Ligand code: EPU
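Let's start with one chain on its own, the form predicted on its own, as structure tokens.
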């Protein structure tokens, strides 16, 4: 009988753990409840010589049909966010409120979270505190760990604009804290390689609750007008190409001009609302989704000569240890 250092489920369905709601099963699904359990689970998988897949909030991810070989480690039990006063170890026990000094509007403020905390959860916590800086994450699915790994962002900016420190599980199994200067994040890629995000410190700014609430509301209203935020989707399918190649057009506009809005294969459809979103109308399969992505890539390339680069991760096409945000 196989034993694991954390909760484990064999032959576990994965579709419901993704925002697109497609995918087969995991040979093993591991669910660590702490950073130490996650580190032990990673070590156990590697000792067994199995493929390792890291699953956060399930956004930015398309999982193939059938059984995914190896072990999927899910971070959704690592869900906790707290404040830090700027001194000492931010990942230590939560600091009592009376230890926080009064701060003026505009002063720095810090939120700390484990990798499994959802990005909407972070926005809600910052909104309740009246801290500004991450309002643009409103309506963005996924978890902090995946968001840090892929440098989640949008027209408002990028998550790494606010990342001050990251706790990392290194490939040798050690746990290390690194400051922002250690990393070289770029558009939709923090270049972490085999490193695994355990948690992060976000630097925000003191503001007024009503001001933060208004900004969050504005972002949500805008996204609802232009993106299919209430439908099953993995988020943007493609990265925006360099503007000098497209005359300033984004991936969605290139797909729209290729006449692909509304195009469907099975229940996988290019959203009629935004060309860079692929939605599941109810019963899409992984094969439907991947076939439609391939068709869009080919049609845009034939029409414009531009090869769109995927933003979503494909399992198993890209190999193990990819973080589904």
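Residue numbers count along the first chain shown, from 1. Owing to the predicted nature of the structure, the values given are computational and were not obtained by experimental measurement.
The same protein also exists as the form predicted together with the named molecule; that form is not shown, yet it is the one meant from here on.
Exactly one listed residue, out of 162, 118, 132, 240, brings a non-hydrogen atom to within 4.5 Å of the named molecule in the model of the complex: 240. Only one of the listed residues (222, 79, 83, 127) places a non-hydrogen atom within 4.5 angstroms of the named molecule in the model of the complex, and that residue is 222.
Comment: 149-157 is the region of 149-157, 118-126, 193-201, 84-92 lying near the named molecule in the model of the complex, near meaning a non-hydrogen atom within 4.5 Å. Although the partner is absent from this view, residue 273 contacts the named molecule in the model of the complex, with a non-hydrogen atom inside 4.5 angstroms. With a 4.5 Å cutoff on heavy atoms, residue 253 counts as touching the named molecule in the model of the complex.
The named molecule is not shown here, but in the model of the complex it comes within 4.5 Å of a heavy atom of residue 236.
By the criterion of a heavy atom within 4.5 Å, residue 180 is excluded from the residues contacting the named molecule in the model of the complex.
The partner is not shown here, but in the model of the complex the stretch 182-217 reaches within 4.5 angstroms of the named molecule through a heavy atom at 187, 188.
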